[in-house]
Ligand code: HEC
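Read the single chain below, which is given as structure tokens and is the form predicted on its own.
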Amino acid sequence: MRLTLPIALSLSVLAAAASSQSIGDLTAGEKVFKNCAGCHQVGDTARNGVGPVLSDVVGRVAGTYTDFRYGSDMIAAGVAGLVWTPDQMFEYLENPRDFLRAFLNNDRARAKMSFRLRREQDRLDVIAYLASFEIAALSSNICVTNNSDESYFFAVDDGGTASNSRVTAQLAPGESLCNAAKNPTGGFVSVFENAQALEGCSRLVNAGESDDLVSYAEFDRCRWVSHSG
């Protein structure tokens, strides 16, 4: 199974985070993060400030944290498929502007974040620290997996009201899409024959659970399998 554009952590991202922690020092990273704390917050009570909340940044699609006003180029990077894996974060933190320009192949791209962490070890340490906030968030995911034999267009709605509460992707067989539920009761997943289709199938999904599409049929006649996340 391969996760496509995950808002929350996939198993592959968890493994990468663990790898980051093995070469980065969490305690040292907490000290490094003090340089970031003027703009970013982490933890259960974190709120957006000059920068977005970073409690679940590892595995997040770039430019998607709820109610934060991102720059247009960061949003474009997320649409283009940028997910904050430890490797991507390592490169970004060295020079945010140059990273976005390279990723978007646009020498005019701009990053709202001008702060840089030039020392490699500082970057490894702060990534390890940020990764320590991810495991608890995993239980609130809602996910959908395409276990049919065809490619279809999927959406996962987090149950919130923000403009970015819905993520979408064309999923090939075996691929998955996740979103972090903002509503404790969960959200819903939908599948359509293609991105232009108006009719499809939808399912309510509890926080921490996942639905697998087994076979597709219009007018809510799809076959699903539900299981805990």
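Fair warning: this is a prediction, and the values are worked out from it, not measured in the lab. A residue's number is simply how far along the shown sequence it sits, counting from 1.
This next part talks about the form predicted in complex with ligand HEC, which is not shown.
- Annotated contacts: L54, R60 and L130 all touch ligand HEC in the predicted bound form [non-hydrogen atom within 4.5 angstroms].
- Contact between R101 and ligand HEC in the predicted bound form is not found at the 4.5 Å heavy atom cutoff.
- The closest heavy atom approach of H40 to ligand HEC in the predicted bound form falls within 4.5 Å.
- Not displayed here, ligand HEC is kept clear of F192 by more than 4.5 Å at the level of heavy atoms in the predicted bound form.
- Although the partner is absent here, W84 lies within 4.5 Å of ligand HEC in the predicted bound form, judged by heavy atoms.
- Think of it this way: in the predicted bound form, ligand HEC has a heavy atom of just one of L124, A109, V144, M89 within 4.5 Å, and the residue is M89.
- Contacts of stretch 107-128 with ligand HEC in the predicted bound form, defined by any heavy atom lying within 4.5 Å, are made by A111, K112, M113, S114, F115, L117, V126, listed in sequence order.
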